[in-house]
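Only one chain is shown below, in structure tokens, and it's the form predicted alone.
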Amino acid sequence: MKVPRPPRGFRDFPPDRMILRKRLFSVLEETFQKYGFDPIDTPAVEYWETLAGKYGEEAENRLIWRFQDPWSGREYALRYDLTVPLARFIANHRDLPMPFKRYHIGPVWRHEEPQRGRYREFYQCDADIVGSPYPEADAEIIELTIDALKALGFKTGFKVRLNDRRLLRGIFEQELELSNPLPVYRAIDKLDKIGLDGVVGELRKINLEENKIEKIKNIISIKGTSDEILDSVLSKYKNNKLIVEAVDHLRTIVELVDMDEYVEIDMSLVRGLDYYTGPIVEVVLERPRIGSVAGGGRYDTLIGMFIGQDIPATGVSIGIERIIDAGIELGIYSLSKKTLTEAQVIVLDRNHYDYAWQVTRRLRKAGLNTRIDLSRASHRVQRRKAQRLGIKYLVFIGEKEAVNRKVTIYDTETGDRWEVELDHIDKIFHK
């Protein structure tokens, strides 16, 4: 009989994986809360028209999970990210105090071809600031992102790539006079996957002139420390209003963040989604080469698509799935923890199961995550199971313990063994 498996791009998570994931989610929540962000949640399913027209041609034609309700005939979609649902949320909660700072950790779905670091169902961990048009908000998002990576164990070995959509618009749309820049942006966005020659090939497919292709190659090759790049761009395009605005905004961001060891201006960064309007950011690891592990930017017109009035917003999405995969590969994370159980009651004599049940209750009351045998297995089997799971405390209950109202405790990590009166368990283990 063939055992069913999850669909491609979807995964089961056994306890060791879930223990790690939940710990990392907690680390991120603590970081978000430290910066004054509060949690929200939104439905997994949105009306199709809510998502339509927000992401771009590739996402909407191929990547969004879209379906029709067979009873009502109405079209729905699984959420593609957490940003458009946030925009819809803001449109429905206009009384929120601004700036509004929220974080959201939840699953999203994309109909991608599964590969390393890329799944069809995965979690995003987002932090956004709604209501501030100023570079201080963008700087705080970048500092939060750097702090989050550090808290997750990546002290070094990553770069925060920074650019601005206004720079791109000023250079590509105005200086190079591209009438339709979106295909160019999408080609550049594939640079890490297909390389510079691949990008050139994509640009030729859209019949771009060779002289413009050469200029684009030169532009997207520019990256480095903020001062040298911004000064160079400003001197070359000082009469372009969009570019001047972008340079001023970026300069304030990097001055506030003041972390040149992490942040660099990278003119090849475009971010593929259509809703970005200003600074854009992406975090990449030096190794392994697994793609970006965080990304985001400013999207000042997205909320206005729902309410007819623009509200400035900026944010970041931390890709916890790739971070976990990279952390395991680099040895930053371990899957050695198999259970959250801290104590296992070993029943030596089934005649005293009632007493063992009392002991279990007292251990739980004292704050210990405690298991008791539910399969009536021998004490040897109970010990083997506990050992395989790496449970720290084995609490033995036999005739001697039951008669004297005591327990025998064995610490598997230190090898210590001691007897304790049942009435004193709370004092020893109470958390």
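One-based numbering along the sequence shown. Keep in mind the model is a prediction, meaning the values are calculated, not measured.
Not on display, but discussed next: the form predicted together with another copy of the chain.
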Interface membership of Ala52, another copy of the chain in the predicted bound form, 4.5 Å heavy atom rule: no
Contact test in the predicted bound form: Tyr123 vs another copy of the chain, heavy atoms, 4.5 Å: yes
Non-hydrogen atom contact Gly304 with another copy of the chain in the predicted bound form at 4.5 angstroms: yes
Partner proximity in the predicted bound form: Asp12 to another copy of the chain, non-hydrogen atom cutoff 4.5 Å: yes
Heavy atom contact within 4.5 Å of another copy of the chain in the predicted bound form, the stretch among 165 to 173, 287 to 295, 224 to 232, 91 to 99: 91 to 99
Contact residue in the predicted bound form, chosen from Lys190, Lys217, Arg116, Arg361 - any heavy atom within 4.5 Å of another copy of the chain: Arg361
Contacting member of Ile40, Ala402, Leu394, Leu28, with respect to another copy of the chain in the predicted bound form [4.5 Å, heavy atom]: Ile40
Interface residues of 56 to 89 toward another copy of the chain, as seen in the predicted bound form [heavy atoms, 4.5 Å]: Asn61, Arg62, Ile64, Trp65, Arg66, Phe67, Asp69, Pro70, Trp71, Tyr76, Leu78, Arg88, Phe89
